[in-house]
Structure formats: structure tokens, C-alpha cells
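Presented below, as C-alpha cells, is a lone chain in the form predicted on its own.
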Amino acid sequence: MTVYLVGAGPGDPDLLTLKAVNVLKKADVVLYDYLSNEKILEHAGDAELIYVGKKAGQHYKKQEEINQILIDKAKINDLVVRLKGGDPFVFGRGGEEMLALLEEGIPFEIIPGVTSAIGVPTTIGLPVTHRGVATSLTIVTGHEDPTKSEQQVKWDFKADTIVILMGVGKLEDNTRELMKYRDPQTPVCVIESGTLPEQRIITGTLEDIHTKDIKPPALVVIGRVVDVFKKVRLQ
């Protein structure tokens, strides 16, 4: 028995790694997320498919339940795949699932995926670093677990570029906090449904981006690299 924690990439099924495809073809069971493009599941053949997706305000399964399903399925199957949007270890809670498997003595392997934090901006020509413009990058969650005793995100980041994942619902709150430390006119780019046919690109500033019509899933890129992208877009 082996569990594979697999990154499905940012959305476009062609961005799935070859290693992920090969494991999916051999899988007995696949647990997959809301953000996993379902075309990717075609590689799984006759495997048992279990949807355990989570999105804002709608948790189909709690994390503890997902951990237990992984454990239970691993004990009666040769190969179980846990398929996650993006990369399992970039706000994918893959670390928690890994530790749950470790505690039960269940063998596991990690197959990284293209994280949306980098893959989505770069596919539209928005570099997250750029010589003379940005030499550092911070990737941050825009939505912390409300049950935490203390919120960890303080928003006083020093990096040249900030990428916010899962931040649409609290965009106004988050940008308000960022403006305590950054110029309100700092350029911002929001990418909805990145790498998918329905992708939308919205630009603005820290001051006004929250007034735009933006729907999840989307990520937010903040910093002067957005100006580099605008030059590309005008060509």
C-alpha cells in the first residue's frame, strides 16, 4: 500500500506532470479536490473516485475526515492518490495528510505540482520576479482559519512581490491592511480561473482593486511586476 500526495497544477490539465499521470493510471482510489480540473481524472481509468473538495463556505469533508478516508483506503488498496489543486504543500494541507499517514505507518510519496502562485501569473506573461524590479516574493493565504486562537498573517511584508491565494472574499480587508505599509497606488493584478478557458484578468491598485467585479477562484499579484505585465499586454 502506498498513498501518493499529488499536485494537479493550477487548472489547465496539460500542466499536470508526467509522473502524476503515470500514478493516476495505476491508482485504485483517487481522492480529489474542488480545484482539480476533472479532465485530469480521465487518467484514472476505473479507479474509485471520491470527491473531498473544499471551497469558501462549503466544506464537503472536514480535514480530519479526509485524513481518515486516506488511511482507511490505503489499508485495503495497493495505490491511493490524493489529488490536490496546485501543489500539495502550498496551502494544500498536504503536510497534515502526510503526518496522519506517518502516524499510521502508511508509506507515502509526494508528487509536486505547478503551484498557481507562480504558474498562473507566468502563463499570462506576469513575472513574479524581474531584474531591477523585484528580487523577492511572498506567497500568503488571504483566508486564515477563523478558529485559530491567533491570526498569523500580519501583512507587513517586505518582499517586492506579494501573491495572495484564496483572498477574494477578504480582498478589501487584506488590501486595507497592506496599505498601512505600502503606497495605495501600488499596482495589483487579479487573475480569475487562471490557465482555464474562462480566465479573466483584472488590474487596479491597492486602493481600488476591491471595487472591481471579481469572483473566486482567483489570485492576487501585488507589486511593480504588474507594470512589467502591462507593458507586455500593450504590445
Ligand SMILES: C[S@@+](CC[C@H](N)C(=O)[O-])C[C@H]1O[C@@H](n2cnc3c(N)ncnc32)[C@H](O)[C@@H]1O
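Start at 1 and count along the sequence shown; that's the residue number. All figures in this text were calculated on a predicted structure; none of them were measured in a lab.
Just so it is clear, the following notes concern the form predicted in complex with the named molecule, a form of the same protein that is not shown.
The named molecule in the predicted bound form: within 4.5 Å of a heavy atom of each of G125, C189 and I222? Negative, none of the three is within 4.5 Å.
If you check M166, I209, V52, V29 against the named molecule in the predicted bound form, which one has a heavy atom within 4.5 Å? Selected option: M166.
Heavy atoms within 4.5 Å of the named molecule in the predicted bound form: which stretch in 191 to 199, 178 to 186, 44 to 52, 60 to 68 meets that? This holds for exactly one stretch, 191 to 199.
With the partner left out here, check for me: in the predicted bound form, does some heavy atom of P217 sit within 4.5 Å of the named molecule? The answer is yes: P217 has a heavy atom within 4.5 Å of the named molecule.
Flag V90 as yes or no: does it have a non-hydrogen atom within 4.5 angstroms of any non-hydrogen atom of the named molecule in the predicted bound form? Contact with the named molecule, yes.
Although the named molecule is absent from this view, report whether T161 comes within 4.5 Å of it in the predicted bound form, heavy atoms only. The answer is no: T161 has no heavy atom within 4.5 Å of the named molecule.
May I ask you to check whether L83 falls inside a 4.5 Å heavy atom distance of the named molecule in the predicted bound form? No.
Within 4.5 Å of the named molecule in the predicted bound form, which residues of 1 to 19 have a heavy atom? Give them in sequence order, or say none. The stretch touches the partner through P10 alone.
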